[in-house]
Each structure stands twice: as structure tokens, then as C-alpha cells.
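The data below hold one chain only, encoded as C-alpha cells and taken in the form predicted on its own.
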């Protein structure tokens, strides 16, 4: 693989507060990198520093092997798609896409035949071939997102940065645009860096997922590794699919949480000491409170609260000791939904081998 973007030890401060803390990351040619993190973790700041809209306080950025330190944003060859699309409402879809070609500082395109060819190619690529004459106020949110992408692609950028580009769309459109963005990237062979606060979006979109925490990279790996083997308890929390128990090591080599205790996933984990014990929502089975655990199973007692249906899955909510809310997810392709009685006690059980423990 060839590196197209190399961010080296970049630091960014705002009024003395650290937004990016010596952050380093590489993007490969024709790679789709998802950047995941909570609000305030530095995701959008990183994109703005790479694009040249903000200057870093330390570190360097190399694009295609050349440093872009001090290079103005419009000369970097980097495309940027924002959540708000930033389209001109008083001109047509076609003219929005053509604007950069006609008015860029370096080598503007004067031949209107060439403009028309390139713009129409991009509109066809994003599925808007018949909408070039429409006004921006005459198209849907999903179509506006495609116009913004076409306007960026028509300039032949080296990489494209997407700052929560699907955040303004409804759930159905977001799902469709995930597929479209990956198709377009694969067809053109351009590197994408996609910032999102949505863990499902990050895992679905990226060839790799980079998790940002307080201006630092907490983990960079393929989606399967991030989902199944988060690098820390904080990464697991960002993924929003793990029940997390704070506790300590007991004298009997069990992880103790209040009055409950769980076997460690492996003997080596018993040396961790105080920490966090994590079990993914879909690794738990629900049994009657009187049911005996299967050999080797761990579990807790909890009271059923309610359930939430989301199409392919159902999430069941329980209340454990200390008023802690615990979640159990059933994928309906794997099992039939179950009915639990609100206010009744059940046993939540799992295999210790499915748990993760962090110091």
C-alpha cells in the first residue's frame, strides 16, 4: 500500500486547551478511513487542520509525500464535504458543481464544453444526471448531499474529507448514502476520511476505523477488530454495545462488582486488579431467575424494564444492582423474540470467554 496522507505528531491548542495532542495517523491510497469519537474529541479539528482551514501548533502533514505546512487550503488538492453542504441556493445544481472549476484561482476552466462534460460526468456518477437544471431548494436533503460530493469530486482532489456528511439526513437516507459513498469511492479510487460520532456508521463505512479520544488516537484497526477487541474500556464505551461493570479482583480470582462476582475470561486477566469488565449486548442470554447457569457461565440478577424494537433486532433493558441499566440484544435472524414481564427478575448469563477486562 502507498501512503497518500501522513499526519505526524500534530498538536492544536485553543486558548491553551489541547484539541489535538501529538496525533499521528496515515491514510493509504484508495482507503476509506472512518474517524469515530464523542463530541469534543477533536474529530472536526483534525479535518480542518488537514484541509488547511486551521493551522496546527506543532507537527506536520504530508500529502503525496510533500509537506503542506503553510500551503493555503485551496492549493492543497484536498476536497472537503461538510454536514451543512454549503451549497449556493440562488444557482442551479449544475452551476453549484461547476462553480469551483470556473472560479478557482489556479487554472480555471474557461471552455464551457469541458465544464459541461466534467460536471455531467460527476452528476451521473452521483445519480443526479437529470437534475442539473433544478434549484437547490427544489431537491431533497439526500440529493443536496450528492451535489456537495459532486462539487468536490469534479476538482479531482487527492483525498476527500467528510465532516459528518450524513448527520443532516434521516435514517433511511443515511443507510442508502453509506452504500453510495462506498460505491463512489471504489469507482474513483480516491481516499476518503469520514468523521462521524455514530459508531454504526463508522464500522459500516471504514476499511479501518480510527477512534479519537481527547485529541489522541485510542485505536486504529479494521472494523471487526475494533468491534470485537476494543483497545480500552473507553473505546468499548464509545461503541455503545457493551455492558460495563466497574469492580476489582477478589481473593478467589473472580472479578467483584458489588455483591456479584464473575469468572475472568482468562487466568492472565486476574492480575489486572481494579478495572472494567465488559460484556457485549448480543453475548448475553436471558433465563428465568430460578434457572441454574450452564457450566462455566457467569451472570447477574436483574429486573426487566422494557424493550425496544429496531427492525433486525430487539434490545431488552434490565435494571441491576445500584440501579444500573443493562442491555441485551437479540438479533431476530438468530432467534425468536421473547416476552419478558416488566418488574420481574431474570438471570442475565454469558460465557466468561465472551467478556473483556480492562485495567
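Numbering follows the first chain given and starts at 1. No experiment lies behind these values; they were computed from the predicted model shown.
Below, we turn to the form predicted in complex with a small molecule, even though it does not appear here.
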**Message:** Since only the chain is shown here, I'm wondering whether residue 323 would be in contact with the small molecule in the predicted complex (any heavy atom pair within 4.5 Å).
**Reply:** no
**Asked** Using heavy atoms and a 4.5 Å limit, would one call residue 299 a contact residue for the small molecule in the predicted complex?
**Response** no
**Prompt:** Can residue 40 be called a contact residue for the small molecule in the predicted complex at 4.5 Å between heavy atoms?
**Reply:** yes
**Asked** Would residue 62 count as a contact of the small molecule in the predicted complex, using a 4.5 angstroms cut-off between non-hydrogen atoms?
**Response** no
**Item:** Interface stretch in the predicted complex with the small molecule - options 303-311, 40-48, 289-297, 64-72, non-hydrogen atom within 4.5 Å
**Value:** 40-48
